[in-house]
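In structure tokens, one chain follows: the form predicted alone.
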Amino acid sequence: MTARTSIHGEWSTRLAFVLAATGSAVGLGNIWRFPYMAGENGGGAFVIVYLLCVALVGLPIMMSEILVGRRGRRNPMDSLRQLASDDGRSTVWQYAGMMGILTGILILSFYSVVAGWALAYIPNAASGIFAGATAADTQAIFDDLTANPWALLFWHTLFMGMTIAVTVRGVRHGLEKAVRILMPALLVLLLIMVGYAMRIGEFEQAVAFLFRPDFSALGPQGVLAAMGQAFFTLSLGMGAIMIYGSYLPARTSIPRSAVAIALMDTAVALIAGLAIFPVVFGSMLEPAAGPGLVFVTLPLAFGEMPYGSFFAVLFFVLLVFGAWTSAISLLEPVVTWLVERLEFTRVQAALLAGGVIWLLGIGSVLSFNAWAEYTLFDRTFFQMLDDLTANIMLPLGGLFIALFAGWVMTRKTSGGELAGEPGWFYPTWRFVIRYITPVAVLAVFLNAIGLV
């Protein structure tokens, strides 16, 4: 194993790393995106394909990102440059790391705006505004929020401030302390929501919907959507897992840590489905409601149910916690780059990077109101950033990491980080990361750009 150390410190325990990386992976992708994608693609069949994609695409890339991060012990750009140089390969691979950092910046700029919606819905829910509301009422509440640029700017600013406040405190005192509180709290809130759903909603119908496969409802696009969701939800291709891997103690097992992260992340996604769909079915609403499922359909359901206002508040607090842990991981790669390359202090780096991301986020704020009519290829600024990152930059980032780990790093280098695992593991991982994972990621990418 490498003797390099990170100037930012290390996680105190393997559990701290697993919680932090799971916090990076668990976010709006699990609690918001996964349920509505399952709803749009037939439920159980989508879940099965999603789990296969996690095993064959998500896990190998996650192990690769952790491996590269721990071996390099630097920000994603410099880790790739150093490891390529160590093995006598071209240092042009550093630009794959730079793309990961840039991807995180772009994602956080609009992710913060969406997380701001969840923040705004906490006082809305507490006020009882959803009680007795009609579908038109909940749609109007959401439309009024997004049409008000000053309200969106306030919540976007508050969420970015929360994210910066954790990041400035460093690995042990900021990131680790935050996830040790937020992740258990998130899981407790989720389980409370599931208990509420079991009592109030159509729980058996939700279980059947999520776990009884109906492959006739899953077409080729649904399969590719499941693959893309597996990639998106594990927080891959944006430098977050790589930078968290750079803080991983040398003797910690990478495969066991990655499996634990993937299991916890998938469990949160499935539990979120069990919390959401019983409420949706209990109110006889449409599970395939798309992105509006959380901000329009669920408030309608909460408004019709006993203690709905209280549990609506819990749900949106849960959504904010999930988004917060992910946002912290998106800010960390660019902060480490500024500290290591330009010798900023951590406070200066977090404030500068957070400020730039906040400023970029104003474009997403305005794309829902003042700039709504200004489009390119019929896409607003917010939609263009979403499409660019989700459909192009994330798959490309994952593809580059798979190619780097499988084809650029030598057996000695990659094998050194996986020493101590069972004898069959390394050749199996190396085969999958070289031949299976790149093909799968390429399929997602070609589908996203319309060539498949």
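Each residue number is its position in the shown sequence, starting from 1. These numbers come from a predicted model, not from an experiment. If you superpose the two forms and keep the largest set of C-alpha atoms that fall within 1.5 Å, you have the rigid core.
Although it is not shown, the form predicted together with a small molecule is what the next lines describe.
- Of the candidate stretches 196-204, 229-237, 365-373, 156-164, only 229-237 has residues with heavy atoms within 4.5 Å of the small molecule in the predicted complex.
- Contact with the small molecule in the predicted complex, defined as a heavy atom within 4.5 Å, is made by none of Y36, G273 and L298.
- Though the partner is left out of this view, N30 does reach within 4.5 Å of the small molecule in the predicted complex, counting heavy atoms only.
- Interface membership of T437, defined by any non-hydrogen atom within 4.5 Å of the small molecule in the predicted complex, is ruled out.
- Under a 4.5 angstroms non-hydrogen atom cutoff, the small molecule in the predicted complex lacks L19 among its neighbouring residues.
- At the 4.5 Å threshold, heavy atoms of S79 stay clear of the small molecule in the predicted complex, well away from it.
- Of the listed positions (L330, V179, I243, V335), a single one reaches within 4.5 angstroms of the small molecule by any non-hydrogen atom in the predicted complex, namely L330.
- Distance criterion of 4.5 Å from any heavy atom to the small molecule in the predicted complex singles out S326 from the list S326, S257, S109, N124.
- Core-superposed comparison between this form and the one not shown: the Cα of Y121 travels less than 2 Å.
- Core-superposed comparison between this form and the one not shown: CA of G228 displaced by 2 Å or more.
- In a rigid-core overlay of the protein, T138 has its C-alpha displaced by under 2 Å between this form and the one not shown.
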